[in-house]
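In structure tokens, one chain follows: the form predicted alone.
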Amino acid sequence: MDLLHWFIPWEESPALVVLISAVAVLFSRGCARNEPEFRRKAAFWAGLAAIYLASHTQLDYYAEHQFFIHRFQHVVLHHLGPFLIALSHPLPLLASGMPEKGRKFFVAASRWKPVTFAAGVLCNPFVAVVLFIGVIGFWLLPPVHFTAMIDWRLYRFMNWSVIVSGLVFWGLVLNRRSPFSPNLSPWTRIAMMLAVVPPQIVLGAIIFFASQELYTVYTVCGRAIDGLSAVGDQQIGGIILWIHGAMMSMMGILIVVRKELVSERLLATRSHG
């Protein structure tokens, strides 16, 4: 099979292409004006590419026809992609990349009470944690999952919901400052990442140890991989949710701890200097 075939969208989404293209252009303009560190640019482009590849290529076909690939897709959309984008601290660069009129409108809109209220609620640490886990749990309810996988509109809404909740959560825990929430202490951010680990382990264990088929939609619509039983498919998906979700939190904690240690060393150096 031609390698380029894998990059052809299974189901085209003009809205996704337009949004990702617009974000890419704004970030590029912002980088040209501010010259950020290479690691920030690398993290952003890797995260944006991961989200695109997981949602707008042939991988999407396999995610619709194999449960464990669907779980892998959501690890990318909910964890890896947003994690990398948040790590790049992109908001200042995106704002800098806007045209003057667009930047003024963005600043004015960000001060509207409905916008500040909604953003304040989403960026509340408790809400961010509940939303992050709630989105996973809701879409994994067997009746909800069945409906979402056969209705393309609900399927796209599901994918957008995991991306947005991931961006909100990782944006809060990986960055000390947020424009819509008070500065969170390192311990608060670490606690948030620890809080999302047990629910993912429990969900993964429930799926892994299920003795019967939970997600019949893949049998009804046909599985992409022959020879793998429904229970076996679920078990692999459960392991992905169980292990990889928790692994991302551990990586985030290590990054926060490292940043704080570097910050303390800089302060100590300055005080002695």
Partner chain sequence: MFKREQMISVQAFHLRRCICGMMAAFLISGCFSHGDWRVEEVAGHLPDLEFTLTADDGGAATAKTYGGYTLLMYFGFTSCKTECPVSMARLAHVMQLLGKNADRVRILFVTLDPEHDGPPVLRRYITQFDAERTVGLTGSPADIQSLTKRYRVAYRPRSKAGNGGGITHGDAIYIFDSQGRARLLATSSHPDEDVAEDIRRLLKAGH
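Positions refer to the first chain, counted from 1. Treat the numbers as computed from the prediction; the structure is a model and nothing was measured.
Omitted here: the form predicted together with the partner chain. The next part is about that form.
Original post:
Thinking of L80, F105 and I206 as the candidate spot, does the partner chain come within 4.5 Å of a heavy atom on all of them in the model of the complex?
Top reply: Heavy-atom distance to the partner chain in the model of the complex: none of the three under 4.5 Å.
Original post:
Even though the partner chain is not shown here, does R177 get within 4.5 Å of it in the model of the complex, heavy atoms only?
Top reply: Taking the distances in the model of the complex, the answer for R177 is no, it never comes within 4.5 Å of the partner chain.
**OP:** Considering only heavy atoms, tell me if T219 and the partner chain come within 4.5 Å of each other in the model of the complex.
**Re:** T219 belongs to the contact set for the partner chain.
Subject >> Close approach of V162 to the partner chain in the model of the complex, 4.5 Å, heavy atom >> reply: Contact check for V162: no, nothing within 4.5 Å of the partner chain in the model of the complex.
Subject >> Any non-hydrogen atom of I225 within 4.5 angstroms of the partner chain in the model of the complex >> reply: Yes, I225 sits close enough to the partner chain in the model of the complex that at least one of its heavy atoms falls within 4.5 Å.
Original post:
Can you say which of 167-175, 80-88, 191-199, 117-125 gets within 4.5 Å of the partner chain in the model of the complex, counting heavy atoms only?
Top reply: Result of the contact check: 117-125.
Original post:
What residues in 31-69 sit within 4.5 Å of the partner chain in the model of the complex, counting heavy atoms only?
Top reply: Sequence-ordered list: Q58, Y61, Y62, E64, H65.
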